[in-house]
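Just the one chain here, laid out as structure tokens, in the form predicted on its own.
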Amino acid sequence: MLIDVVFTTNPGIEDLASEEIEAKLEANIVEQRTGKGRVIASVPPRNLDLIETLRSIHRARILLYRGEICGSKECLNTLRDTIRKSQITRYVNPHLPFAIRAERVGSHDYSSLDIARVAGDAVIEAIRDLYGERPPVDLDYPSVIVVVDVIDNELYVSIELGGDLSWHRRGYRIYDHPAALKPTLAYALLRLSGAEDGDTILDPMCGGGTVAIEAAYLFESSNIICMDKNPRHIEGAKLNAKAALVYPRIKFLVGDATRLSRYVSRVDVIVSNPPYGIRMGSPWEVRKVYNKFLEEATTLVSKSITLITTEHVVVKESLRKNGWRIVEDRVVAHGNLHPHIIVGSR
């Protein structure tokens, strides 16, 4: 028997998450909500423990119910009945403290607090009906988290598999770069770059080292270089690499990305999250940096250049001007921004 699991990921990389889920969990993809950061898959129970090895997901939840719900307040009664009739008693009992985590997206006559209140009462009633006693509620340190999502007219009831912390918050983030890239996006950049084990992979504006660390997890035999012009960021990246237990796998350099030929003679792949104009204060300044960097990079890289940036027009123009072609251009969510992932190839 397969178990339906809802996976959340960074909006814009749902296809990459689906591929990883299929490959590592031997799962069947039921639905891929492109642009919504959600994938539903049927997973063999024996492989549920492998979920924590996935590099592309934020959360994973066992799906108990999925159906429609209306926006009027009376439909909270439907919510109560749905939860009571679900398989909630398989996961909650009188000896396990539980909590409700509710989220509402769209226009409804009720709030997330209303959903959480009604859902909590329904769980208590279901357990009391079966066992004759109520389960304890612990909002801070629950053993079981019941998630109730109302997204427009859809209702999802599920059991959180990873606790309250998202799996994208890797434990190695000791040094927190002010413009850090989500590790799930670093994974996506590396996959889209076409990098293979054994390639020399360079992040010339590596900040806290997220791309280099994720590359070290993905590729056993690659030569990985983490470079940044700011010595403080390089020291921070070293701390993160040590926490991730991959420090010996990475070469760290203090260097200027606009003068790449001073530091490296040849690399196979560049993967990077360069500064956005928003962060540097002047879009004109960042565009000059991009053009100088890409003029050098296109002469040194043998396979591909992959960047995530809001300055996608400049990147594409510069790559084409230097004789490269664009093989990938996709929009992703990164905080409150929607940068493009651009992949250029010879």
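Note that the structure is a prediction, hence the values are computed from the model and not measured. Note that residue numbering follows the sequence shown and begins at 1.
This next part talks about the form predicted in complex with a small molecule, which is not shown.
- With a 4.5 Å cutoff on heavy atoms, residue 275 counts as touching the small molecule in the predicted bound form.
- When contacts are judged by a 4.5 Å heavy atom cut-off, residue 255 counts as touching the small molecule in the predicted bound form.
- Among residues of the shown chain, residue 228 is one whose heavy atoms approach the small molecule to within 4.5 Å in the predicted bound form.
- When the small molecule is considered in the predicted bound form, residue 191 lies well away from it, no heavy atom lying within 4.5 Å.
- Between the small molecule and the residues 161, 180, 151, 96, the one pair within 4.5 Å by heavy atoms in the predicted bound form involves 180.
- The single contact residue among 43, 54, 289, 62, judged by any heavy atom lying within 4.5 Å of the small molecule in the predicted bound form, is 289.
- Partner contacts here mean any heavy atom within 4.5 Å of the small molecule in the predicted bound form, and among 72-80, 101-109, 256-264, 131-139 they occur only in 256-264.
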